[in-house]
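In structure tokens, one chain follows: the form predicted alone.
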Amino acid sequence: MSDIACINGNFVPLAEALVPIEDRGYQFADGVYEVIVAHGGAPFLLDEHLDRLQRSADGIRLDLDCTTLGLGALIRRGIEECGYGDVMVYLQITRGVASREHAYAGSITPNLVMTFKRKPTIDAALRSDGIKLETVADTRWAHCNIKSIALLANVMIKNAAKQRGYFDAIIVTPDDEVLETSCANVFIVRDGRLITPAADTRILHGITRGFILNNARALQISVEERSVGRSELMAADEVFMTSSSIDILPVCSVDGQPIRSGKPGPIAARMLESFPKSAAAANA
């Protein structure tokens, strides 16, 4: 078992993987990405991830057709070759290599980079006890629905939160509308209803977010996608966050204020309990 990379279809040990210094991804963050997890060697919701990758590419006018790149086959091969059961796949497509100028020619060939590593494990105490979040102002760019590799603002938000003793930060607008965290979608529970911000240009349209919504409906939990204010967040019965890398993490407090009892609630527990079985069914 080992970490490996795939550069434009060629597999190499991760430590030997190189990209040109004039790749526009390195110089301008001119590219898009996806993070896909594999459970037991099976990529989770692969088609949904590749569909979002195409939407992101279209969003930055990156001229490519993801269906012709054979990404599914490459991802499955990488998962098999790295040898881990649970795998974290990072996939990045940049506009390509060109002399450093802001304007770009239409003839550039995109660069495809993938890495395959063991999926990090989440400390069981984080799921049983819940995590602490804070709220911060939105300093990101205006097209968060595009999974751009330009993540400096998100990186700064996450690191500042950790330095202040929080797991992450919930990003809010100037009028206190809740959006998402630096790297995950946010859900709240009010009176048995599962509520999450609507999927517009201000949040990432999370693949796990969509899976959780569908799973909640299957469990006959009422679902709402709509605006959520900070006051509603603080008064929620439960709060949790979701992403491909963490699945579901309950939140015990926000800005130092406990969410209800300060412990994970029953809806989050139901979603966590049902996740392995529903995820396996989705991969079947």
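As the structure is a computational prediction, the values presented were derived from the model and not from experiment. Residue numbers run from 1 along the displayed sequence.
Another form, the form predicted in complex with N-(5'-phosphopyridoxyl)-D-alanine (PDD), is not on view; read the next lines as being about it.
Quiz prompt | 4.5 Å heavy atom contact, L112 to N-(5'-phosphopyridoxyl)-D-alanine (PDD) in the model of the complex | solution = Residue-level check for L112: no, no contact with N-(5'-phosphopyridoxyl)-D-alanine (PDD).
Exercise. State yes or no: in the model of the complex, is some non-hydrogen atom of R209 no more than 4.5 angstroms from a non-hydrogen atom of N-(5'-phosphopyridoxyl)-D-alanine (PDD)?
Key: Flag for R209 set to yes.
Quiz item: Taking heavy atoms and a 4.5 Å cut-off, does L204 contact N-(5'-phosphopyridoxyl)-D-alanine (PDD) in the model of the complex?
Solution: Yes - in the model of the complex, heavy atoms of L204 and N-(5'-phosphopyridoxyl)-D-alanine (PDD) come within 4.5 Å of each other.
Quiz item: Using 4.5 Å between non-hydrogen atoms, is I60 touching N-(5'-phosphopyridoxyl)-D-alanine (PDD) in the model of the complex?
Solution: Taking the distances in the model of the complex, the answer for I60 is no, it never comes within 4.5 Å of N-(5'-phosphopyridoxyl)-D-alanine (PDD).
Quiz item: Tell me, which of L219, V35, L69, A235 has a heavy atom within 4.5 angstroms of N-(5'-phosphopyridoxyl)-D-alanine (PDD) in the model of the complex?
Solution: After the contact test, the surviving option is V35.
Quiz item: Would you say all of E180, N185 and S245 touch N-(5'-phosphopyridoxyl)-D-alanine (PDD) in the model of the complex, counting a heavy atom within 4.5 Å as a touch?
Solution: Yes: each residue has a heavy atom within 4.5 Å of the partner.
Quiz prompt | Per-stretch contact check against N-(5'-phosphopyridoxyl)-D-alanine (PDD) in the model of the complex, the hit in 23 to 31, 226 to 234, 254 to 262, 47 to 55 (non-hydrogen atom, 4.5 angstroms) | solution = Stretch 47 to 55 is the one.
Exercise. Just give me the residues of 144 to 169, first to last, that have a heavy atom within 4.5 Å of N-(5'-phosphopyridoxyl)-D-alanine (PDD) in the model of the complex.
Key: The stretch 144 to 169, when checked against N-(5'-phosphopyridoxyl)-D-alanine (PDD) in the model of the complex, contributes K147, N154 at the 4.5 Å heavy-atom cut-off.
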